[in-house]
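This document starts with one chain, in the form predicted alone, laid out as structure tokens.
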Amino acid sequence: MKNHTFFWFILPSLFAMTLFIALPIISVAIQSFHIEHEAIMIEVENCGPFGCKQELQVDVEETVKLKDARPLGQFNGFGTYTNRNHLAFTEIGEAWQSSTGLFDFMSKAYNLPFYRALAFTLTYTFVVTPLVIIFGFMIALGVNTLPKAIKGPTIFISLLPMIVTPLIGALILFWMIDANGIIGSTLQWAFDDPNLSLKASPTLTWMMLMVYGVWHSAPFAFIVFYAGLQTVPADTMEAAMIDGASRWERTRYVVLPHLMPLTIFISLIQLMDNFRVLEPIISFSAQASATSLSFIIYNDLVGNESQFFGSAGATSVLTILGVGILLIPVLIRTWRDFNQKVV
């Protein structure tokens, strides 16, 4: 394909990516360097039956004029990134100096809101992502061996968790683990403890959020792997069977190498999705035990009386950087495989 032909071919995509991805990211980055204007105060004399006294009041008119003149807010530079609600440079330095060991330092850092959210986000990402790939692959192998008569209904049932809206799916599981739900009441009966609650323990809350993440995302990995299994060369499989290769050996030396590009693709999608986990936390009302970076953004924009656009912008930029760092190893692997095929 000639260069000018290729340019006109990708121009619509470039335009859409610039309009809906690049420009919003630039806008968020600019907003992250600003904070909300402070209210303009004026001193007024307030007189009552016992005399007059001077009081400070908000000058609403001047405050509105200031916001209209400078809608982005007051320039704060990297101050938002380094304050206590984000990277907390000062607090981290003090914690490092006063800590008696690594565990003590990590415990103090965990008490800071950003690092507490980062801890759950990373744990969720690195637990859910590999489990989704493993379970998706196992389900695909199992469904691929089923008779044709039941294969269709099985595929449909397997895809239900992905079809259900994430918020609804999380609420269903939340109701099931409630003390009056089927899972919660069963556990109380099994352990003979009427006070047992999955919601009361932070550890169990984390586990339930990750169980939901695997349950919701595994069908995506399954359908991708199942489609890939249909393209495995039949001649290679027959040759392996003739050579006496077992089912496990055929899977390891024939199927897995063939599906490796799909595994990388699923890893990319899951890393990006899991690092932005939000819906389960809201649906489970789990913010007391687990918060994520996306939840901090949500809370800055919706959860408070005032909207903190600068704080939300800073957390958004840090989230984008975090996703980029996570994708670097996968992208390097993809680039190496591409170069090997070209050579």
Partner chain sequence: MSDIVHRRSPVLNIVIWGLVMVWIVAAGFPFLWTLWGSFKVQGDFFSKSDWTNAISGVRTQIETGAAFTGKGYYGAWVTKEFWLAALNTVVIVVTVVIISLTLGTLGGYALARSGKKYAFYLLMLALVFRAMPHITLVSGYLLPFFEWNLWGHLPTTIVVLVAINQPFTLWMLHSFFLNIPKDLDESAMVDGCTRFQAFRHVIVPVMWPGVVTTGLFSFLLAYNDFTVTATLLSQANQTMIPKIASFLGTTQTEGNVMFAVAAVVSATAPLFVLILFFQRQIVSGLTAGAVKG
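Between two forms, the rigid core is defined as the largest C-alpha subset superposing within 1.5 Å. Numbering follows the first chain given and starts at 1. Note that the coordinates shown come from a computational prediction; the quantities given were computed from them, not determined experimentally.
One more form of this protein should be noted, the form predicted together with its partner chain, which is absent from this view; the next part is about it.
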*When its partner chain is placed as it is in the predicted complex, which of 87-95, 100-108, 217-225, 123-131 ends up with heavy atoms within 4.5 Å of it?*
217-225
_Non-hydrogen atom contact residue 247 with its partner chain in the predicted complex at 4.5 angstroms_ = yes
*asked:* Does any part of residue 5 reach within 4.5 Å of its partner chain in the predicted complex? Heavy atoms only, please.
replied: yes
*Does its partner chain come within 4.5 Å of any heavy atom of residue 80 in the predicted complex?*
no
*Indicate whether its partner chain has at least one heavy atom within 4.5 Å of a heavy atom of residue 191 in the predicted complex.*
no
*Does anything in 130-163 come within 4.5 Å of its partner chain in the predicted complex by heavy atoms, and if so which residues, in order?*
138, 139, 142, 143, 145, 146, 147, 150, 152, 154, 155, 156, 157, 158, 159, 160, 161, 162, 163
*After superposition on the rigid core, does the Cα atom of residue 72 shift by at least 2 Å between the shown form and the other one?*
yes
